[in-house]
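Take a look at this one chain, the form predicted alone, written out in structure tokens.
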């Protein structure tokens, strides 16, 4: 099976890579003579990369690439075109339209609306916030925000940091990102949200948009979308859902019912198929119920690209004009190709198997005296826990004890990477005063087995027992 990583520190690796380039720059050999060295160079590069397709790579909210996605990515790269107009990307423009309709039907129960593939989940989220601004303040497209009171974006303490990044880019300001308190599970507390909205209105600010989360980065929490949607309706706020991680549960009726009640009430949703499903990076989707809103918000009708008198219906060029970008990769084709190959049933089986592995390992952890599971069970496919080495067992759990346990977690990760046959992340939760804990996340591809989960635990115990 090989290693996940053959780790090398950044300074010597940078030296190796620089030397290879310098050698080529200074070489007097003809390009044809250099071709024979490139196979060796490719093998060298791959040996220095992390093998994300290894079943024991559980470090991030993504894993290996599915073979059907890889095939689609090859086609995309081979065609080397831009998804801005039908005339240069007919298949890719149409597959994006088709996929977005199917996803709106899955998430909202209706194909109507709008959407686009974005360069990552952070940008997909920002599409939602920008549409919120355009719904309530359409004149800002021309006049800017200069005559408006502060606009407020609400998100949870456990949400992704992209909400704050977007507020900076959009000119809202970090001071106008209100991070709503979460419960023990990491889910936004609706009463706290409602109180914050009323407080900000009293201060003369304008509550604009709520960013809910379906599958938080660390704990895998799902916000109470039904309660939050009711608040947004009463208070007249746009509701965006960052479902970048947990959105893949949409392909399982059971997992949707257990975790994403109310998702259809959101105004917009971001979801990353490159995370749990194994689509090639990147494959990020933004969808909204609002028809034509992306064009109204973003269109500038560049005359050299989007001529109104083309030889085909110009509506098929909207995907280019409604985007923030001009140059945009045809990422939708990768999901279309995978969906054709696997079907909805195939996606369902992948996510349900991943969730089953999370359930299995969380139950194994909870049955042990030398482990502490932060929650009673997994959320999404996230498992957050500590391994307690023998020297810390049976002691009072003082603040110093927890600090030391957090350091043990860091040391386990360091030794793990040095040995190279597994990669798992760790994280603190500072706003909950929680020290470093093992953050096990299980992507659906490549599929994991209970035996893989057993290996994970035994490896952690082996790494940590002497710390």
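Bear in mind that the values here come from a model prediction, so they are computed numbers and not experimental data. Numbering follows the first chain given and starts at 1.
Missing here is the form predicted in complex with another copy of the chain; even so, the following discussion is about that form.
Enquirer: Quick one: find which of 393-401, 257-265, 78-86, 361-369 has residues within 4.5 Å of another copy of the chain in the model of the complex by heavy atom distance.
Expert: That would be stretch 78-86.
Enquirer: Another copy of the chain isn't shown here, but in the model of the complex which of 375, 196, 189, 73 has a heavy atom within 4.5 Å of it?
Expert: The option sitting close enough to the partner is 73.
Enquirer: Let me know the one among 143, 184, 201, 234 whose heavy atoms come within 4.5 Å of another copy of the chain in the model of the complex, would you?
Expert: Comparing distances to another copy of the chain in the model of the complex, the residue within 4.5 Å is 143.
Enquirer: Considering only heavy atoms, tell me if residue 379 and another copy of the chain come within 4.5 Å of each other in the model of the complex.
Expert: Residue 379: no, not in contact with another copy of the chain in the model of the complex.
Enquirer: Though only this chain appears here, would residue 104 touch another copy of the chain in the model of the complex if you measure heavy atom gaps against 4.5 Å?
Expert: Close contact is absent here: in the model of the complex, residue 104 is far from another copy of the chain, nothing within 4.5 Å, heavy atoms only.
Enquirer: Any chance residue 433 has a heavy atom within 4.5 Å of another copy of the chain in the model of the complex?
Expert: Output for residue 433 is no: heavy atoms all beyond 4.5 Å of another copy of the chain.
Enquirer: Wondering, does residue 109 line up within 4.5 Å of another copy of the chain in the model of the complex on heavy atoms?
Expert: No, residue 109 sits far enough from another copy of the chain in the model of the complex that none of its heavy atoms falls within 4.5 Å.
Enquirer: Looking at another copy of the chain in the model of the complex, which residues in 203-233 have at least one heavy atom within 4.5 Å of it?
Expert: Counting only heavy atoms within 4.5 Å of another copy of the chain in the model of the complex, the contacting residues of 203-233 are 217, 218.
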